[in-house]
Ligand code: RIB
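In structure tokens, the next block holds one chain alone, the form predicted alone.
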């Protein structure tokens, strides 16, 4: 049984580390580069698998070298790849990432490639039924994501939506979500509230729960995170780890949270575990390759 199903994309991340992120028209000399697994869905699936969760990954790849890299990486992380469609018509996606080596912050351009052509007809939602948790983002076509969220809810799964990249959503989405996990920029997109401190996060979370979302987790980067279910509120500071590369930190958080939820941990412990997973991921270069094991974060479950 695959305990968690993740719908999302794989892209080959091509990361460049340098003294700064270049401005428009500017050329800088970098220090290093890396090619590895990326895409929010792939990163989240790897995060869960490395912690010990059994993951079913639904996606689409091109029949090319990057597609072969994807399958190889996923299998090495013991992720079920039987629900990945291989296309002869579309290329595997790529992402170009500039990382500021001094702050760990980044700028990213994603070309989705094959996953952008994924259709409802290509997905057998009965495979979702075998899981307990369904985790997805907004990098797959909106209608496909909504279709899978509806199926997961009908099968009684816990739905987690990481609304990235942020885009307009209908009320249908909000009614299907158990956990909504935007970062501060995405939360501002949906509420119009800019988050500068804990109180702003509280106001923002209330507006989101008023929209019909059951539970909201707003990740705030170096400011930590804020959780609300309309009654209970939790604020946690960020991990003290010194960031080398923040690429994939949000995905690490979502993967860690889904895993902790699967293990039946109480909400505060789930958030603490997710925080640890995200914090560790920022100490390594790359996205998918930076995801920790339980041993890396000194955790037993």
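Positions refer to the first chain, counted from 1. Note that this is a predicted model, so its numbers are computed, not measured.
Absent from the display: the form predicted in complex with the named molecule. The rest refers to it.
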| query | finding |
| --- | --- |
| In the model of the complex, residue 40 touching the named molecule (heavy atom, 4.5 Å) | yes |
| Partner proximity in the model of the complex: residue 248 to the named molecule, non-hydrogen atom cutoff 4.5 Å | yes |
| Any non-hydrogen atom of residue 287 within 4.5 angstroms of the named molecule in the model of the complex | yes |
| Contact flag, residue 108 vs the named molecule in the model of the complex, heavy atom cut 4.5 Å | yes |
| Answer range among 191-199, 168-176, 69-77, 108-116 for contact with the named molecule, defined in the model of the complex as heavy atoms within 4.5 Å | 108-116 |
| The single option of 213, 84, 95, 148 touching the named molecule in the model of the complex, heavy atom within 4.5 Å | 95 |
| Residues within stretch 10-27 having a non-hydrogen atom within 4.5 Å of the named molecule in the model of the complex | 11, 13 |
